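A single chain, nothing else alongside it, follows as structure tokens in the form predicted alone.
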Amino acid sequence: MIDPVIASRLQFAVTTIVHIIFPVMSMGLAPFLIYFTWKEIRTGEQVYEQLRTFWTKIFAISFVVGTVTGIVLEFEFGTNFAAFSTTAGELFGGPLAIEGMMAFMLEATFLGIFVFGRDRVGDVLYMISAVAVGLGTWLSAVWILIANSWMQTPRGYELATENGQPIVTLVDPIAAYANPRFPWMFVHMQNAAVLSVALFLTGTAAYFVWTNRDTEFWRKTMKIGLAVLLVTAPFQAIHGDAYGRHVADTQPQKFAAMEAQYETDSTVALKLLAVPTSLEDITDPHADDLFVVEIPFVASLLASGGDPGATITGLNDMDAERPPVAIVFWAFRAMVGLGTWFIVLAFWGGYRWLQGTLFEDDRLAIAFVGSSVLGIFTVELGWIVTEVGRQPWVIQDVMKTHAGVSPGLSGPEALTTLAGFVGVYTALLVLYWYVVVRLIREDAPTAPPSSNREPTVPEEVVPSDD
């Protein structure tokens, strides 16, 4: 039978990979919904009411499915990672509990007003509900990322032993919760969520433009999505650059795995594109064996914060155990490649917008349609780099992953639950996208764009020959 450690890790990976889609959609949609609501109240234009009404449905579905799949994740800490929960429960459980009591309750309470109360409350209260829902969504991310970032850069704790079990004791809440990794993770994750939804909105709208079914609703959606993409795509690259320097300082083994740097060297180039030259390179990539398109000195520049001649310590010269290099390296390459494509796509769209041909470029529309869910996929890649790059540690330099697995869990039990979770979560994912696609096809406004409507001239004012 399968090793319960491997089965537990696979189960948690599957549930996380599926679950993260729904928070990305809800966190990314939140700023758009606040904007749509504000514009609707301020201008009274029908198109903003339509935008707010329609995308609120997608948000609500994402919230519901995200809640269901997220609760299961927290139970898995007890069922599959009981030893980890025993060790880190005092510190790790706090943020998760606050997330439920503060953020989730705020979001859930005001979501009822936001979804059902437009005709029952005044404009001020309705605007407050929109902001409260968005704030609750983002506060959830704050507390979840506090917990995860502490696992990456643990601070503010003491390690004791009780009955032979290591126990993490919280001694400095500020140091623990405001640990060095948290601000980097929060900004990068939230911007990625907004970027992903901007791509989804723009790509969905581009489909209707491309198939000659565009309306004022879809044209406005495409413009707003593109405007946000023009900001978030370049910012993600700039912030990612600085984030990489932080990773190099705090988790050098992860940074070396991201670059497949086995030997210590200086003036290391950044690999923009890497292509394996043999099948072995796929499973065991070495920087020297790959065909690469690279920028000289830039990896050293990023790792040091400004020194192009800086030395990067290779994996072979580190005392720490190395993570699975192939997974981290190729996931990072794909993430960076897609991020670069998003920047190109944003500026391509911005150029066409300035030209006044945004809705006439079929190739651009096809590119947006093809990229509509790639933002979410890129978020998945980023989390793979983050979590796999930390291995073999579940808490960096404190507790290894295999030591955190429930000691009484057997291989058959772990395999059974793994199979069950794969089936259930796959079904939930398919059902979710089915409902979203059906809503887009059937519930989106179908009125023609206002610019295409012929003005109606009353008969009595039409000039006559008399």
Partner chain sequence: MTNGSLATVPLALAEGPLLGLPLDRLWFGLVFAVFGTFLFLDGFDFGVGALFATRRTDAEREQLLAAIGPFWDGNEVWLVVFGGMLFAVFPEAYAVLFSRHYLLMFAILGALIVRGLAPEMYEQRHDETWQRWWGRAFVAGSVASPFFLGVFAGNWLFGVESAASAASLLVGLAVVALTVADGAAYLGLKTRGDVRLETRPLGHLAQIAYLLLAVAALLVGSRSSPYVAIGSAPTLGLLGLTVLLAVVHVIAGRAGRHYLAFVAVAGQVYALVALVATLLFPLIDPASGLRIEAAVVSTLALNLTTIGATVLLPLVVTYFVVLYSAFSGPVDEGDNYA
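Numbering follows the first chain given and starts at 1. Worth saying up front: this structure is predicted, and the values here are computed from it rather than measured.
Separately, the form predicted together with the partner chain exists; it is not shown, and the next lines address it.
Answer option from Val131, Val72, Ala242, Ala178, heavy atom within 4.5 Å of the partner chain in the model of the complex
Flagged contact: Val72.
Only one of Leu96, Met318, Ala237, Val231 comes within 4.5 Å of the partner chain in the model of the complex by heavy atoms, so just point that one out.
By the 4.5 Å heavy-atom cutoff, the listed residue in contact is Leu96.
For the three residues Phe54, Ile146 and Ala419, verify that every one has a non-hydrogen atom within 4.5 Å of the partner chain in the model of the complex; reply yes or no.
Contact check failed for every one of Phe54, Ile146 and Ala419.
Given that the partner chain is not shown alongside this chain, does Glu76 nevertheless sit within 4.5 Å of it in the model of the complex, heavy atom to heavy atom?
Close contact exists here: in the model of the complex, Glu76 approaches the partner chain to within 4.5 Å, heavy atoms only.
Give a yes or no for Ala403: in the model of the complex, does one of its heavy atoms lie within 4.5 Å of a heavy atom belonging to the partner chain?
The answer is no: Ala403 has no heavy atom within 4.5 Å of the partner chain.
Taking any heavy atom pair closer than or equal to 4.5 Å as contact, tell me whether Glu45 reaches the partner chain in the model of the complex.
Result no; Glu45 lies far from the partner chain in the model of the complex.
Might Val435 be said to contact the partner chain in the model of the complex, defining contact as any heavy atom within 4.5 Å?
Taking the distances in the model of the complex, the answer for Val435 is yes, it comes within 4.5 Å of the partner chain.
Location of the partner chain contact in the model of the complex, chosen stretch of 332-340, 188-196, 202-210, 105-113 [non-hydrogen atom, 4.5 Å]
Contact-bearing stretch, as computed: 105-113.
Going by the partner chain in the model of the complex, which residues of 65-92 come within 4.5 Å of it through any heavy atom?
Val65, Thr67, Val68, Ile71, Val72, Glu74, Phe75, Glu76, Phe77, Gly78, Thr79, Asn80, Ala82, Ser85, Thr86, Gly89, Glu90, Phe92, in sequence order.
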